[in-house]
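Quick heads-up: it's one chain on its own, the form predicted on its own, in structure tokens.
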């Protein structure tokens, strides 16, 4: 099996959720992680804070980021195991944020 990364993005202009809606959404995420763990394919995952820094160019300019000019933010990541990227993409379909404005980028982790 290979390692694949799920990169979760969401828009920053979504309406604010109530505490109950946020709790309900977190329960969906916890249930998804448990499902992946029970299948023996969950490796790791963490949410990311919205703030960050971006380093760019030969002069190594450091700016606030990661995507200050974008309406999308990377909210977190998972690393899972799958045989193919198609299988990994099928597994990503359970992401709780997909019915809303969320997206999942699926990338194979290159072995070094």
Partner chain sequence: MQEDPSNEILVDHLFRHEAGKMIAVLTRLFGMHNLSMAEDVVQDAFLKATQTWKFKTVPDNPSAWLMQVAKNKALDILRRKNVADHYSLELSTQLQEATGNYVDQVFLDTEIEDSQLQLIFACCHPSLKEEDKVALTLKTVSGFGVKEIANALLTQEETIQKRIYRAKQFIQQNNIELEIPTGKALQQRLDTVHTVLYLIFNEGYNASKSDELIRKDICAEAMRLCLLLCEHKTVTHPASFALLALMCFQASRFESRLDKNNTIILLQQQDRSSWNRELIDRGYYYLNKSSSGENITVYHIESAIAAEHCLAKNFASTNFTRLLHLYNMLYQMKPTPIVQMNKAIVLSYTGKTKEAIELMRSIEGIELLLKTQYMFNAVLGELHIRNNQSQQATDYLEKALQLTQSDAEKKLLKEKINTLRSIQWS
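These figures come from a predicted structure and were not determined experimentally. Residue numbers count along the first chain shown, from 1.
The next section is about a form of this same protein that is not shown, the form predicted together with its partner chain.
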Q. If you check in the predicted bound form, is residue 89 within 4.5 Å of its partner chain, heavy atoms only?
A. no
(Q) Given that its partner chain is not shown alongside this chain, does residue 52 nevertheless sit within 4.5 Å of it in the predicted bound form, heavy atom to heavy atom? (A) no
Q) Taking heavy atoms and a 4.5 Å cut-off, does residue 99 contact its partner chain in the predicted bound form? A) no
Q: Find out whether any non-hydrogen atom of residue 85 is located within 4.5 angstroms of its partner chain in the predicted bound form, and reply yes or no.
A: no
Q.
Only counting heavy atoms and a 4.5 Å limit, does any residue of 73 to 92 reach its partner chain in the predicted bound form, and if so which ones?
A. 75, 76, 77, 78
